[in-house]
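Take a look at this single chain in C-alpha cells; it is the form predicted alone.
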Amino acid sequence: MQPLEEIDIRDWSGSVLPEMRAKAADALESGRVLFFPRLGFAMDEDERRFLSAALSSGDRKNITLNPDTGSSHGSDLDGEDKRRLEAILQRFAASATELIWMLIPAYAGNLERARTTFRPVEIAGRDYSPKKDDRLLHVDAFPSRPTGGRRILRLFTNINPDGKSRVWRVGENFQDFATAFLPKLRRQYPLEALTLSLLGITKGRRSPYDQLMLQLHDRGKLDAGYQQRAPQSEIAFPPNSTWICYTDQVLHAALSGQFALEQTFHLDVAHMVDAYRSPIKILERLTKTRLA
C-alpha cells in the first residue's frame, strides 16, 4: 500500500466532488497520509516575522494554543505580539477544521478540536531521550492523556520561508506492527488505572486500550532492530504543502524540518466512516478482548 494519497486542493474551504470525499475518507481511515502539495497557509509580511526559532522559550520546542482559553504557552512573547501570534494560530485552527469538514462531512460537528501547535525549532540535531525522540517510528500515545479508543487526527502545514522540506518516514500498516509486538506487552495490574488517576498521573483512567497503545509507542521506539529493519518510506513535504493522518495508526517519524503548524483533533470511533479499521477495533480482534 502506498503511504500517500495525493489530493489537489488549493483552498481551505469550498466544495469537493463526492468521489474525492470518498477517496479521502477511505485513504485516511485505512492508515494512509492525505497529501495536499499545493495547499499552503497564507501569512502576511508582518506575520512572517514570527518565523524565528528564538520565539520558543527555554528548552521548549513548540508553542501551543489552548483551544479552551485561546491562550498560548511555550514562547517568551507578551502583550500585543503574543496576541498576534495567538490570532495566527486561531486562524490556522479554523482553516484546518473547515478543510476536514469539507473533505469528510461525516466528521463535521463530531470532531473535538484539541491543541494548535507552532513548531519553530529544527528537528534534526536536537538531543532527545528515546521515548521522546519523534525521529523514531512510532504511533501516538500519551502517558498522562488516555483516549479510551478515541482517534488522534492531525493536520500539518509546512510554512518554512527558506524552501526547506519537512522530512518524515512512514512505516508499515498498524495491524502488522501490533501483531509483532503484542506478545511482548504487559497488561494492566489490578487497580493500576484507578491508582494512576487518583494520584493525578493520568487525566482520567487509563483503559486497557491505552495501556497497549502506550507500550506499542514505547516498545517500538526502544527496539533498535525494529527501527532499522521495519518497512518504511521517506517522504519530503515541501513548503506550502499540507498533510493529514491518524497519528495513532500511521507509524511515522519526523526526521528534519523547521517552521510548521499542526492541528490536533479527537474523534470518537463511532463517528468514523468505517470504525472497523480503527486501532481499538484492530487490537480487540487481535486480543479477543474488549479494551475500552
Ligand code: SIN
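Residue indices: 1-based, along the sequence shown. Treat the numbers as computed from the prediction; the structure is a model and nothing was measured.
From this point on, the text means the form predicted together with the ligand, which you will not see here.
- Shown alone, this chain has one stretch from 45 to 53, 246 to 254, 228 to 236, 24 to 32 that lies within 4.5 Å of the ligand in the predicted complex by heavy atoms: 246 to 254.
- Of the heavy atoms in Glu86, none are within 4.5 Å of the ligand in the predicted complex.
- A residue is said to contact a partner when one of its heavy atoms sits within 4.5 Å of a partner heavy atom; Arg166 meets this definition for the ligand in the predicted complex.
- Within 4.5 Å of some heavy atom of the ligand in the predicted complex lies at least one heavy atom of Asp134.
- Contact annotation for Arg154: at least one heavy atom lies within 4.5 Å of the ligand in the predicted complex.
- Residues of 130 to 148 lying near the ligand in the predicted complex, listed in sequence order, are Asp134, His138, Asp140, the criterion being any heavy atom within 4.5 Å.
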